[in-house]
Structure formats: structure tokens, C-alpha cells
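Here you get one chain, nothing else, as C-alpha cells; it is the form predicted alone.
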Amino acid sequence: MTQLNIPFELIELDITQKETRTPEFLNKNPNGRIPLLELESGQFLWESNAILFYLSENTPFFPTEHFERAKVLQWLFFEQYSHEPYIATTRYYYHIGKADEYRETINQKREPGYAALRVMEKHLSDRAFFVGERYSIADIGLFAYTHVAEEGEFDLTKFPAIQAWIERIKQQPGYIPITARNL
């Protein structure tokens, strides 16, 4: 939203305190997860990649060419099924201070997480961005947890193309770090 200059109010919820399980929140998102986008119309949209798609329609962040659009969706599906379940969830256990409690689960997620990173590394080895040599929501979706993968003890030094891509993303106009507050 910052990259599209769309004004918004950020409301932070603590999932560890079950703030997304209140009746009020569940009326907006019966899945009880974040993110959740509330539109000016009063409608609600949940699931990060659906939100990315909605916001990027008719913008430079979502291609107009048919095959490139499908490639963006391909990478967003990859993010949800081959990347996020391993990299994001592992980071989460460390983030909430429960890595020791979930050690066996983390160990099971390690190799599939590295497999996803290897797919990304190979793809980025001869291109600047994921689709059509331009920054798109495919990059935004994959960047979210890739750039903080080391917080889940994934060693990104083994992936120079990913590291260079992360730096390119950080140079995009309107980029904000994941830890930014008071937006």
C-alpha cells in the first residue's frame, strides 16, 4: 500500500494473545488469521496473496500480459505451498521464543525450506525479479518471509542470487521494513 501511495491505518493484533480469535475479528475473517484488509466499502478481504492481487490490479505490480499474469500467480502459489509453511512458520517459533519446544517440527521443516530457497536461487540466478524482469507482487509475496529467513536460522549466505534480489527489493520506492511501526 505504501508503494502504491494508498493511505491506510495499520492495526496490529497479537496472535499469541488470541486477538484474532475474538467474535468481532471472526466476523470479519472467519479463518481467524492476519492479514485482513478492510475496504472503505466495509468489505473485508483476507489471505495475503488475495490482498496483493486485489491491490495490484491495473498497477505496474501486476502484468497485463496473460502468460506473465499466470507466472505471477504461479510464484504466489509457490510461496503459499512450498515456502511459507517451512520458512515463515520456523521463523515464528523462534520469534515467540518457542524454538526449543518445537525443535522436532523445526527440524522437519528445515530441508523443505531449503528446497524452496534452492528453487528461488536457481530462478534468480539469471534474472533480477521473478516475472518479466520487473518488480511485481510475486516479488512482494516471496520477499515477506525470505528476507527474514535467517530469524528462523535459515542460512542465506548460501544463496547469493537471493541476497542480491533482497537488496534490489529494499531499493524499491516506498519500501518499508517488516519492523516499521507508525505507518
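Note that residue numbering begins at 1 and tracks the sequence as displayed. Please read all numbers here as calculations on a predicted model, not as lab measurements.
Just so you know, the form predicted together with a further copy of the same chain exists too; it's not on screen, but the next bit is about it.
Asks: In the predicted complex, do 33, 73 and 122 all reach within 4.5 Å of a further copy of the same chain through at least one heavy atom apiece?
Replies: The answer is yes: all three residues contact the partner (heavy atom, 4.5 Å cut-off).
Asks: Does any part of residue 151 reach within 4.5 Å of a further copy of the same chain in the predicted complex? Heavy atoms only, please.
Replies: Flag for residue 151 set to no.
Asks: Contact with a further copy of the same chain in the predicted complex for residue 93, defined as at least one heavy atom pair within 4.5 Å: yes or no?
Replies: Residue 93: no, not in contact with a further copy of the same chain in the predicted complex.
Asks: Taking any heavy atom pair closer than or equal to 4.5 Å as contact, tell me whether residue 57 reaches a further copy of the same chain in the predicted complex.
Replies: Looking in the predicted complex, residue contacts with a further copy of the same chain include residue 57, since a heavy atom lies within 4.5 Å.
Asks: So, residue 157 and a further copy of the same chain: in the predicted complex, are they within 4.5 Å at any heavy atom pair?
Replies: Residue 157 lies outside the contact set for a further copy of the same chain.
Asks: Under the 4.5 Å heavy atom criterion, name the residues of 32-51 that approach a further copy of the same chain in the predicted complex, in sequence order.
Replies: 33, 39, 43, 44, 45, 46, 47, 49, 50 sit within 4.5 Å of the partner.
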